[in-house]
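Heads up, the chain below is alone and in the form predicted on its own; it's given as structure tokens.
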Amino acid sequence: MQLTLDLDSEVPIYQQIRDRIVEAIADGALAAGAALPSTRQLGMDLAINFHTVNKAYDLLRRQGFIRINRKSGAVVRRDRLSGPPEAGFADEWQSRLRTLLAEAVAQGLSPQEVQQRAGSVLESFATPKGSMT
């Protein structure tokens, strides 16, 4: 799996890993049932400590995106075709969305620009991108 991380970013590396995997699921590059690399392998591939990858995987597990077991490792649990989200997801997501939109408005983006940018991002998820390698 190829992930692009910004090691100079203020966003923690584990959060960047989590975000790239969620984006790959939304893009269709990772489907339900797809295996993820082991934490040690991904850590070696990215030249980072495997504990950082473990933290990202644990976050993805708690959020319901992956399941982890000793035998099969980390596997994508649900994707864009898995049906409606679990109960409570939409309310939790809307709370996070509110904060994200507040950041944009507080930085001076107009509501129209926020809507245009959000629409552009949503459109980018409309067409599956193919398998992530």
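Here the rigid core means the biggest group of C-alpha atoms that line up within 1.5 Å when the two forms are laid on top of each other. As the structure is a computational prediction, the values presented were derived from the model and not from experiment. Quick note: we count residues from 1 along the sequence shown, nothing fancier.
Not on display, but discussed next: the form predicted together with a further copy of the same chain.
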Legend entry - Proximity to a further copy of the same chain in the predicted bound form, single hit among 32, 90, 68, 48 (heavy atom within 4.5 Å): 90
Inset, instruction - Can you work out whether a further copy of the same chain is within 4.5 angstroms of a heavy atom in all three of 18, 25 and 103 in the predicted bound form? - result: yes
Legend entry - Contact label in the predicted bound form: residue 80 to a further copy of the same chain, heavy atom within 4.5 Å: yes
Inset, instruction - Mark residue 58 yes when one of its heavy atoms lies within 4.5 Å of a heavy atom of a further copy of the same chain in the predicted bound form, and no otherwise. - result: no
Inset, instruction - With heavy atoms only and a cut-off of 4.5 Å, decide whether residue 63 touches a further copy of the same chain in the predicted bound form. - result: yes
Legend entry - a further copy of the same chain contact at residue 85 in the predicted bound form, heavy atom, 4.5 Å: yes
Inset, instruction - Can you tell me which bits of 105 to 123 touch a further copy of the same chain in the predicted bound form, meaning any heavy atom within 4.5 Å? - result: 105, 106, 107, 108, 109, 111, 114, 115, 117, 118, 119, 120, 121, 122
Inset, instruction - Taking the rigid core as the superposition reference, indicate whether the CA of residue 105 shifts 2 angstroms or more between this form and the one not shown. - result: yes
